[in-house]
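Quick heads-up: it's one chain on its own, the form predicted alone, in structure tokens.
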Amino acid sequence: MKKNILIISILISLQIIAQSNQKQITIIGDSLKGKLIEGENIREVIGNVIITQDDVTITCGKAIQNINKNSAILIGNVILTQDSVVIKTEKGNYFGNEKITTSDTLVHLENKSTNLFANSGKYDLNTKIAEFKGDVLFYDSVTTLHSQKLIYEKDIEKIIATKNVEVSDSVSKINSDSLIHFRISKLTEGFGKIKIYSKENNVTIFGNQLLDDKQNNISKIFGNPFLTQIETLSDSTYDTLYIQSKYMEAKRDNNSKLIAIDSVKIIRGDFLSNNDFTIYDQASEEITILKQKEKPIPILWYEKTQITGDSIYIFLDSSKIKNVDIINNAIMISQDSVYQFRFNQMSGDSIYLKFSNGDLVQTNVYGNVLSIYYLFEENEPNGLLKSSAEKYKIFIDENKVTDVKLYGSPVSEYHPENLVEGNEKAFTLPTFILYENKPDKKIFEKMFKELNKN
């Protein structure tokens, strides 16, 4: 207890010594009059007022000095300078013992290329820390920032902005509940209701936390990030890409890429996907989906077709699907449009799908190919064909198979309709699994509308 009292006594003593070490502020002007109010020595200095203390200079139209408190009320065209910092306001206060200036009217702080405006502000000339409130505007040659409260630490060029934060530059805009920005290292951290909009590619990303490292050209988004990209197609219609995951990372280099990790859901036109690792390369229009260790195999749905494989590569051309490559453990299952329990199936080491104007025109399967294909004659079911080969090619026109070619020890086995009808579930390939966890486009559309309101 005695020790604590001693420490407190020392701190109080040090504070008194520090205050007493502050020089008395000096005020000069065109005219001066003094008076004693409630025991306080008050002086009014009017016209071309100049106040100095150490490295601080203040000019204004009128100053009311309290000699006892070593402070002054500043009125009319107030300009404070210290080193590279210039503060301008119409009315303020200066406290000489603490070397703090405040203003409850519009205040402007300028430091080299940076400018800070607000409805009120406080600046500590010892710590070089500013606290500004009310419609705060901060800008430099690159960035513009709006918020309701902002703390600016001059020496380390650190900004802490809170409430309705919006940061923009020539290519992007970030909204958040709060944000910390280090101007020297160009590192930004955002917290709460993150919204990032890129003008270059019409991409919007929502999340709960952002880490933006401009020096290393990488941005990380945490807290169930959700990406949307609205694109205008060549026929003037629109298509929207939706990607949701638990974590996203955007790399900006010669080939800008977005990486979505863990519980990834993708919707793009008729394509849907569930997986755990997706790379979206906007420049080359490529989507890469890779299986992760101990994670479920990636799934892709296209209309009534389900595709799974260890690695799936989607290639776009002017926003339309051009090719889809499925590598390792590939299987494609297509549900018949009339008979819901009849599934055409094809598996192999790899499957390659080719599209023309968004329509599937050719399917190539390589390595240990197995297939089950339901036959029809004049739209009536006519059994099925089980086949195996080393290589398989299917040609399609207007959603109908026009030719099938098998290569490398082909074997086919016909099962007549009377043995198939009612027994369809017995005809499946060894790796046949139907997945029902498709991403729901309506849910994503609703989510985008809700998030975009803010």
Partner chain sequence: MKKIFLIILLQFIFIFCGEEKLKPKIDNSINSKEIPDQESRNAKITFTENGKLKAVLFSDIIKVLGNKNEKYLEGVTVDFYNEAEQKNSRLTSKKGRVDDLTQDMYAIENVVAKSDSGVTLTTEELIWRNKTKKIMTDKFVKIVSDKEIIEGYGFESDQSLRNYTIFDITYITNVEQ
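Keep in mind that what you see is a predicted model, and the values were worked out from it rather than measured. Numbering follows the first chain given and starts at 1.
Same protein, other form: the form predicted together with the partner chain, not shown, and the subject of what follows.
**Q** Among Ala426, Leu419, Val411, Ile28, which has any heavy atom within 4.5 Å of the partner chain in the model of the complex?
**A** Selected option: Ile28.
**Q** Using a 4.5 Å heavy atom cut-off, which residue among Thr57, Asn68, Thr402, Asn399 comes into contact with the partner chain in the model of the complex?
**A** Partner contact (heavy atom, 4.5 Å) among the options: Asn68.
**Q** Select, from the options 123-131, 177-185, 68-76, 220-228, the stretch whose residues sit within 4.5 angstroms of the partner chain in the model of the complex by heavy atom distance.
**A** Among the candidates, contact is made by 68-76.
**Q** Using heavy atoms and a 4.5 Å limit, would one call Asn202 a contact residue for the partner chain in the model of the complex?
**A** Heavy-atom contact with the partner chain at 4.5 Å: absent for Asn202.
**Q** Is Asn115 close enough to the partner chain in the model of the complex to count, meaning some heavy atom within 4.5 Å?
**A** Heavy-atom contact with the partner chain at 4.5 Å: absent for Asn115.
**Q** With a cut-off of 4.5 Å between heavy atoms, is Val45 one of the residues that contacts the partner chain in the model of the complex?
**A** Residue-level check for Val45: yes, a contact with the partner chain.
**Q** My question is simply whether Asn437 lines the interface with the partner chain in the model of the complex - judged by any non-hydrogen atom within 4.5 Å.
**A** Looking in the model of the complex, residue contacts with the partner chain do not include Asn437, since no heavy atom lies within 4.5 Å.
**Q** For the stretch 32-57, I need every residue with any heavy atom inside 4.5 Å of the partner chain in the model of the complex, listed N to C.
**A** Heavy-atom contacts within 4.5 Å come from Leu32, Lys33, Gly34, Lys35, Leu36, Arg43, Val45.
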